[in-house]
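For reference, the chain that follows is the form predicted alone, supplied as structure tokens.
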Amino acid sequence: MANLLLEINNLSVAYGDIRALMDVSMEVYEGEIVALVGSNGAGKSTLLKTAAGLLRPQAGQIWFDGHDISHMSTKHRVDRGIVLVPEGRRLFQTLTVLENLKLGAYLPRARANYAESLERVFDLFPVLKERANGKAGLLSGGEQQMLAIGRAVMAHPKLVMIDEASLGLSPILTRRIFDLIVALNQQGTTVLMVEQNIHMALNVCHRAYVMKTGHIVLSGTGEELLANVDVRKAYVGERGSKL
């Protein structure tokens, strides 16, 4: 049985008077790709930000690798091995590719594995090695997404959370990024991703959760959810959805 890596229990989060998450529970096991899918405003990004420590929960608990991290700082969560690739990439545009990667390894645990992690990033993303001394802001959109994921890998994570990896990318680049996410997972990194390209996400994930208005309304394997008529109605444009 795989190790339970991330466990979220009855999590509630609000922005002022607006409740973004309500009693959300979910699990991610070591070695999985787990997808969070749903419409805009469903609470998916809020869940990732809360797991990363960027938002504080009103109620509920977050456990990571057997430890309660509900009130732990983001820095200490990263040091334990949970890293977020944020929506929009948030790269340092005027720094070089290599400088951005170095910033991903700023904590002691990551610095100790710097050479190994850098080799792994360059193996996964050869274009980053080619552009190592170029400015991050001069990379294409797909290359910038590779750099954002690569920077997360430099933190020597156990779990990488990726928020909208395909945002703004062409279908060809989207497939390339998903191939790389699968390769990262096959190397032993667990992945939790929020993704607007629901068909692609469900095709590559082991399990998925469907969110709507701050709640999880469905869960199952990617194959099960792709076959679910309500999921198809809600997210492939067919009419009459019950989700």
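The first residue of the shown sequence is 1; numbering continues from there. Quick caveat, the model's predicted, so the values are computed rather than measured.
Unshown form predicted in complex with a small molecule; subsequent notes refer to it.
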Under a 4.5 angstroms heavy atom criterion, identify the one residue in Gln61, Asn203, Ser39, Gln58 near the small molecule in the model of the complex. Ser39
In the model of the complex, which of 41-49, 181-189, 25-33, 63-71 comes within 4.5 Å of the small molecule (heavy atoms)? 41-49
Quick one: is Ala20 in contact with the small molecule in the model of the complex, heavy atoms, 4.5 Å cut-off? yes
Glu143, heavy atom within 4.5 angstroms of the small molecule in the model of the complex: no
Contact of Thr174 with the small molecule in the model of the complex (heavy atom, 4.5 Å): no
Please tell me whether any heavy atom belonging to Gln196 falls inside 4.5 Å of a heavy atom of the small molecule, as the geometry stands in the model of the complex. yes
